[in-house]
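So this first bit is one chain, no partners, the form predicted on its own, shown in structure tokens.
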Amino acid sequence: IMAVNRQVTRHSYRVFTGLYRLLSRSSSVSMVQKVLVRPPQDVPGAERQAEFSRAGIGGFFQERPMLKNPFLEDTLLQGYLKRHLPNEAVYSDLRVFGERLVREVDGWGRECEVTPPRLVTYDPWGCRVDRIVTSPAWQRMKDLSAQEGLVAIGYERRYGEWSRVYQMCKLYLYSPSSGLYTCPLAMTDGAAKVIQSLGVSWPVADAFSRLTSRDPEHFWTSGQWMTERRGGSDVGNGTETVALPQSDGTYRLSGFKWFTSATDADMTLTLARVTDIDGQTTSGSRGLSMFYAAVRDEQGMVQGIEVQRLKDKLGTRQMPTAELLLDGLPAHRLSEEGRGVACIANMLTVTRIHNSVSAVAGMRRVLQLARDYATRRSAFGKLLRDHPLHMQTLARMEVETRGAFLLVMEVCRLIGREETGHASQQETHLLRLLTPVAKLYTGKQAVAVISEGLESFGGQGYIEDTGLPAMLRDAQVLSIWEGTTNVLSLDVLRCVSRSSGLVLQAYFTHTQSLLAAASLPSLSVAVRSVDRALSGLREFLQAAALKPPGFIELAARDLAYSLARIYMGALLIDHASWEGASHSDAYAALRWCEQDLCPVVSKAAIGCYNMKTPPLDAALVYEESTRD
């Protein structure tokens, strides 16, 4: 036994001696020796011996990805502007704004995330105050939004029909650094659009000037209080809030709002049912009217509002979202009585565009960080950028992001033309169709691309204090707010029905014109793919018209995806055909068109929309156990 012990001891000595010699080649070993090996200091004359005093953590630390000027890093954005809005003032503003985002604003966004809002219900003396306290960074975001004209640009219209594109490009750069302040800006823009469409007059003239102001002292944000406990998208049947007429022509609102985003806003637009002299209301959408209310009185106190609680959400934690009890909130009716839902249409167009911009912005930001990280992170003997499989993954993300960007910018272009009176009837139809299509498709894209982006950072993508997981949590709201994927897919069907098919006619005509203008031989494969998918879609719709109504409803989601993919392919081809396009533009178009561009045809071919499937689907989902 003693011989074995001596052998083990000699072997252990050789192992640790070898490790020590290996470490001693490191430039940091002298420091490690001083830290780990020192004689006892409190025993005079004590023999020197190794003492474990603290752990060494090694000398390697992975460089983090660096955020660079997001405008200068985005060649597609620059190319798009050079093609459509070649204005030096716009280019300069976006370049300078990009620097400001890196230098200070991105840090504010992180502060908003780690310092979420809190509710103070009572003051120290027991008086109810219902005050929502947000971080100083959140307040700075409001000032910045005014200074940079993030709402104002769309209403100043210094660049005519391209003003909306300019505004949304700036919001696209801002969104990932904004700490979710783009959400109150979306509702502010939507409120301004509603007021403008109804006519800017008393009692909302002052509110409109504040919503569109560049003066931080004058600037207001707006809430959007539509959702109630029965809630969701079915506001016609879910709204219980009532409006009691007052002798001076105003109203007092009473009800419970289940989900109110940006609850710290200065004003709000909301729906309610006007009561008659007997206290009765009209049910359904016909009974809803649109109301404007200031949230606080002249002393800065909420009036007729009790904040029940702040919502505990998966993401968007930077922004206060609350449940509100309205108890006599003073308000003004904006719409004609019973025409409240019709007023929402203008608001939804704007807020859905904002949602789409945020989606593509999140995709672009995670990709910018991932490609920078690929130049800093080594694995298996070489940088990530030198691993072909990793580059293939990032390239797929890039293609998705480019397609999403061009689709969203197309919708921004169309709304700009409509607002300035330049839109043709075909363009008006396209705007109506593409708004829900872009919102539903980019919302799903964002979750997938950002999730893939986090994976490209390995374990660090899962660590909260890197700030990366927040990007994915925040992205999940994009497919929910302002209509889930299924709700918007059905909205596409309603759009087709209400226009007697004119929106589809506009879609086919314009998509075909984009393909016809593509003359580069290198794009011929992509052109044939899109053209074939377009023909298949046309044949599917002709056949669907002869089916029972339930058939097209089952196909609604895949139909919306098909409309998006085909149109995005045409836009990528169109951009790659521009004389200033790069080889990468053409390659992106080719890569996009490798996928199934028309899934509704593929799914129909295997019987996915057979009317026998709904009960089978339900039985599958709700299958009961047969065990005793």
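Given the structure is predicted, the values throughout are model-derived calculations rather than measurements. Just count from 1 along the sequence shown to find any residue number.
The same protein has a further form, the form predicted in complex with a small molecule, not shown here; the description that follows concerns it.
Residue in contact with the small molecule in the predicted bound form (any heavy atom within 4.5 Å), chosen from Val114, Ile132, Leu383, Val487: Val487. Between the options Ala517, Leu493, Ala345, Val102, the residue in contact with the small molecule in the predicted bound form by a heavy atom within 4.5 angstroms is Ala345. Put simply, Trp481 is close to the small molecule in the predicted bound form: some heavy atom of it is within 4.5 Å. Among residues of the shown chain, Arg210 is not one whose heavy atoms approach the small molecule to within 4.5 Å in the predicted bound form. A residue is said to contact a partner when one of its heavy atoms sits within 4.5 Å of a partner heavy atom; Leu541 fails this definition for the small molecule in the predicted bound form, lying far away. The small molecule is not shown here, but in the predicted bound form it comes within 4.5 Å of a heavy atom of Arg498.
The putative spot formed by Ser261, Ser285 and His354 is fully lined by the small molecule in the predicted bound form; each residue has a non-hydrogen atom within 4.5 angstroms of it.
In plain terms, the part of the chain that comes close to the small molecule in the predicted bound form, with a heavy atom within 4.5 Å, is 229-237 out of 450-458, 229-237, 301-309, 528-536.
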